[in-house]
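To begin, one chain is listed below as structure tokens, in the form predicted on its own.
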Amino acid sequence: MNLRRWVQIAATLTTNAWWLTPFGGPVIYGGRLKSFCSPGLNCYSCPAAALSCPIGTLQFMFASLRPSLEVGKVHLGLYVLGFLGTIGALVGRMPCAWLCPFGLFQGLLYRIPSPKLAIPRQLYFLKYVFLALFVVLLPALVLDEFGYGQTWYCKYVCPAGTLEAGLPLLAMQPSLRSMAGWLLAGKLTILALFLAWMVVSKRPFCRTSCPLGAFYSLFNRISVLRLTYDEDKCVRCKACERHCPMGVAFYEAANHQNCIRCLRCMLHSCRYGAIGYEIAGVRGPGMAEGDGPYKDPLRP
């Protein structure tokens, strides 16, 4: 098991470190740590979650925007944008590869033997629709009589929330089962479709539907850490594309919106030294030509 997998496991355990739940603690942790956001997608309502979900927190900020403006406290929610913006500005979408529990889950499901299918690139823009519509516009504009909006993405879409919070809470609190209606049925259907898709395609949720990934991706081309491409060394063997968990053809677009900086292309795929990295414009050493572990990058 490689270093990235160990980091993913450690991040998942740390993010979900509320171990008291099975021993009689509160069903959902609500202590001081919940004032901080996880850098990856992890549901606030997961019984083991010790940190808040950044997308849920963003939705709540926009859902309470009007009342907050009226009392002059909107700045209290802006730290979330600052937190996510700082991460994006430093490393772009790198947390998706290294720190996101749902990303780890998708990678494990894809290892199940099955026919494998490509994801049409036309679907990539959908994550920006989810970010703009379900995280920002609907919570801010569709308000109840008290001036508050809803957390639309969490309530109607998020398969991570259904898996991490909905199903465990139903198992732990049988009284909730009688309240489960069409809304839960719809979210279970969405989850089932994504689970099936994750088996046959590489990280479909990350590539098409994750608003957190969409936010981080806005910084990919301008972040402090960026990958570099040496066209003179590239032989277009397509090893980087075949082995990329996001299906990125690095030779077509370095620092593509779907690049999650897993570094697999640089460390494991390219044996010609065409891929490197730079930090704040200072280039670091890439793999030397011939050092890649794949002796025949042309193999299928």
Partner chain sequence: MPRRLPYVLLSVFLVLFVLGVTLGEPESVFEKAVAICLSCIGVG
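Numbering follows the first chain given and starts at 1. Small disclaimer: the values here were computed from a predicted structure and weren't measured.
Below, we refer to the form predicted in complex with the partner chain, which is not included among the displayed structures.
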Task: Heavy atom contact within 4.5 Å of the partner chain in the predicted bound form, the stretch among 168-176, 132-140, 111-119, 201-209 - done: 168-176
Task: in the predicted bound form, the one of Leu123, Ala196, Ile190, Ala180 near the partner chain [non-hydrogen atom within 4.5 angstroms] - done: Ala180
Task: Interface membership of Cys265, the partner chain in the predicted bound form, 4.5 Å heavy atom rule - done: no
- [ ] Decide whether Ala239 counts as a contact residue for the partner chain in the predicted bound form under a heavy atom distance cut-off of 4.5 Å.
- [x] no
Open item on the list: When the contact criterion is heavy atoms within 4.5 Å, does Gly281 count as touching the partner chain in the predicted bound form?
Closed with: yes
TODO: Flag Ser52 as yes or no: does it have a non-hydrogen atom within 4.5 angstroms of any non-hydrogen atom of the partner chain in the predicted bound form?
DONE: yes
TODO: Can you tell me which bits of 44-65 touch the partner chain in the predicted bound form, meaning any heavy atom within 4.5 Å?
DONE: Tyr44, Ser45, Ser52, Thr57, Phe60, Met61
